[in-house]
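Form predicted alone, single chain, as C-alpha cells, below.
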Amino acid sequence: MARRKTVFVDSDILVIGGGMAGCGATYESRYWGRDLKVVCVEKANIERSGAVAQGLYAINCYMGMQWGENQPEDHVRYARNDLMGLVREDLGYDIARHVDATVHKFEEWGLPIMRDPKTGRYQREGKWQIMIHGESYKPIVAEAARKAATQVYNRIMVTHLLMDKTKPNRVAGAVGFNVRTGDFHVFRAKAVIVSAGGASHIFKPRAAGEGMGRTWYAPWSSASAYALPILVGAKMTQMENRIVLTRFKDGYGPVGAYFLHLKTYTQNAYGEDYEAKWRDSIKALVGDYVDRHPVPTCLRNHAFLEEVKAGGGPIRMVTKEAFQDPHKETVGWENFLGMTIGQAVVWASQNIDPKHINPELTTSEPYVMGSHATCSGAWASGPEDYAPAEYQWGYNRMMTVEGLFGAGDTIGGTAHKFSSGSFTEGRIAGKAAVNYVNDLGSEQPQYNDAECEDLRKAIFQPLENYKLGRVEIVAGTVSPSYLLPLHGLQRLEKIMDEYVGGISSHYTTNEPMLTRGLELLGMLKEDMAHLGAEDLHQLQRAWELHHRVLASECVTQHTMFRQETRWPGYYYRADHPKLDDADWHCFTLSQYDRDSGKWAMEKAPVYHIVD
C-alpha cells in the first residue's frame, strides 16, 4: 500500500459525475468561467456513462415554448400533481424555463430529433416527450463536456468530500481512487458540483439468481449522489419518496411509449378494466388527488397492486390490437431496440409475440433518485429571482454546505427532470458555481492533511483485509475475517426489502419494522469495517456499498419520520395508512452527524408559487 501513487489535482470547479447533469455543469462552467480550471471526474467513462449510457428513444422534458405548446408553469402543475402536492416549485420552474434551450443545443450538436413532416415541429410522443434517434445521445453530449473541461478524469471512484479546515461548513475538494491503476487521487477545489447517480440496488430486485443485477434503473447508480453530501452534513429532503415502476415483466421494458404512442391499455386476467373499481377506495385514502388529471403515477400503481391482491392478476398490456398496424408494430419493436433490447430477448425466450399475446406487466422494486419522477435528494438554495426567502441562503443549487452544489439525481424536490432537465440543472449549478468562485476571489479552501491521510488508509483497507484474511477461508468465498461486497449488498437489499417497504412485504412497513430495519442497518455498518476486496474492481464495489448503505439509512429515517401514506403504490405506512395534508403537507429534511452517527429530522414548508 505504501507504493501506491498519490495524484494531486487543483481546480476551481470540480464536477463529480459525468452523466447528463455533470456534462451540463462542465459545459456551463466553462461558458461563464472562461479562465477557470474546470475538472470533471467520472467513475466510468463519460462517453457512455450515467443513466442514458446506452441511449434513449425520447427526451421526456421539453416544453415546446417556441410553438406555444406548453409553458414552464404547466410543467410545474404537472409535477406537483404527480407528486401529490409536494415539489419545490421554484426549482422546477427554473428548469422548465431553460430546458428548451438545452434541447435546441442538443440538436445543434448533432442529435437527430424526429419532426412531424406536416408541421415541422418536433414529433411528440406525449405532452412532455419528443422522439429522438438517441443511440448516440450520450456521446454527443459528452463531446461538449470534454471540450469544455480543462481535464476529464475517467475511471475515478470518488469516495469522500474534503472539508475546509479553516471553515468547518465549507467544501474543499474530494478524494477517490483510480479503478484501473489504484492510484489515490486528491482533488482540491473552490467549488464542488455533485452530479453522481441515484440509488438502484438498495432494495432486493425481483430478478435474482440467474437474473441478478437486472434492474430498471442503471445498476451502476450506487447512491453516490446522496452519500457524498450526507457524509459532510448537507441537509437532505424527501428521501422517503422512492419510486416503483410498472414495467413489462422480467425485462423492465418501458411501457410509457406503448401507452402514449401505440395507444395500448391494461386489463386484468379476465379482460376487465380494473382501475375504475378501485377509485372509491383510493379516494378514501388520499381524497380528491385521485380525481386529478392525469391520475398520479403512484395511484395507478396502487390500483394495479390491489387488483393483483384481489386475485385479478396477472395484469397485461393489450398490445394485440396496436400490433396489427405494421407501422405501430415497427415502432413497438424499435422502442426496445433503442433502450431495452433485453426485453425483446426475454419475450423471445418465453414465446411471447405481442402481436398475438398480450404481455404481462409487473411492478418493480423501489428506487431512489431525484431526476426521474421522484423528489429525493439534497436540499438546495433556489433561484434568486423566483425562490421564496426561506428557500434562499446563497447561490442557486448550493446545498446547506458552502461551496457544495448539485444537479440531476443529487438535488431533491424537482421531479420529472429526466435527461434534458438534468443537463439543464447542471448548467444552472455550473453558472452559480462560477459566481461563487469569482466572489471567493483569491481565498482558497484548505483541506486537512491528516484527514486526507486517514481517508487514504480507509479507502484501501478492504484490499488489506482480504490479503490478511484469505488464508483463513473456510469454504468458497466465505471467510470468518472479512465480508465481500456482494454479500454485503445482498444483506442490505434483504434488510430494505423486508423492513422498509420492498416487494416481499408488498411495499408495506410500519414503525416497528422501520425500527428493526435501522437496528439491522446499524449492525451492517459495523461490519463494513471488515469488508474485503480481492482486487480494484471489488474495491469499487466496496465503496459503492458504503454509499448505498448510508443512503438506505437516510431513506429509512425519512420513512419513519413521515407519519402518513402520501404515495400509496410507492410505499405504505400500515400504522398511518391515509394521506394527512393537515400535518404532512410539508417537506421532510434530515441532517447526518458523522461524528455521532445521529440523524436530525425536521419539517420545511411547501410554497405553492404557481396557481
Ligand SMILES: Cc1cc2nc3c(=O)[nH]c(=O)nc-3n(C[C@H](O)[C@H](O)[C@H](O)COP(=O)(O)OP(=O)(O)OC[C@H]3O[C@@H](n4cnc5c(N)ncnc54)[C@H](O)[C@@H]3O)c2cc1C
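Residue numbers run from 1 along the displayed sequence. Bear in mind that the values here come from a model prediction, so they are computed numbers and not experimental data.
FYI, the form predicted in complex with this ligand isn't displayed, but the following is about it.
For the marked spot (21, 42 and 407), a heavy atom within 4.5 Å of this ligand in the model of the complex is present in each of the three residues. Residues placing heavy atoms within 4.5 Å of this ligand in the model of the complex fall in a single listed stretch, namely 50-58, out of 50-58, 549-557, 64-72, 573-581.
Among 380, 239, 196, 433, the residue placing a heavy atom within 4.5 Å of this ligand in the model of the complex is 196. Distance criterion of 4.5 Å from any heavy atom to this ligand in the model of the complex singles out 216 from the list 78, 248, 274, 216. Taking the partner from elsewhere, residue 418 is found to have a heavy atom lying within 4.5 Å of this ligand in the model of the complex. Proximity of residue 414 to this ligand in the model of the complex: non-hydrogen atoms within 4.5 Å are absent; the residue sits far from the partner. Heavy atoms of residue 339 reach within 4.5 Å of this ligand in the model of the complex, making it an interface residue.
This ligand is not drawn, but in the model of the complex it has no heavy atom within 4.5 Å of residue 13. Of all the residues from 142-159, those having a non-hydrogen atom no more than 4.5 Å from this ligand in the model of the complex are 156, 157, 158.
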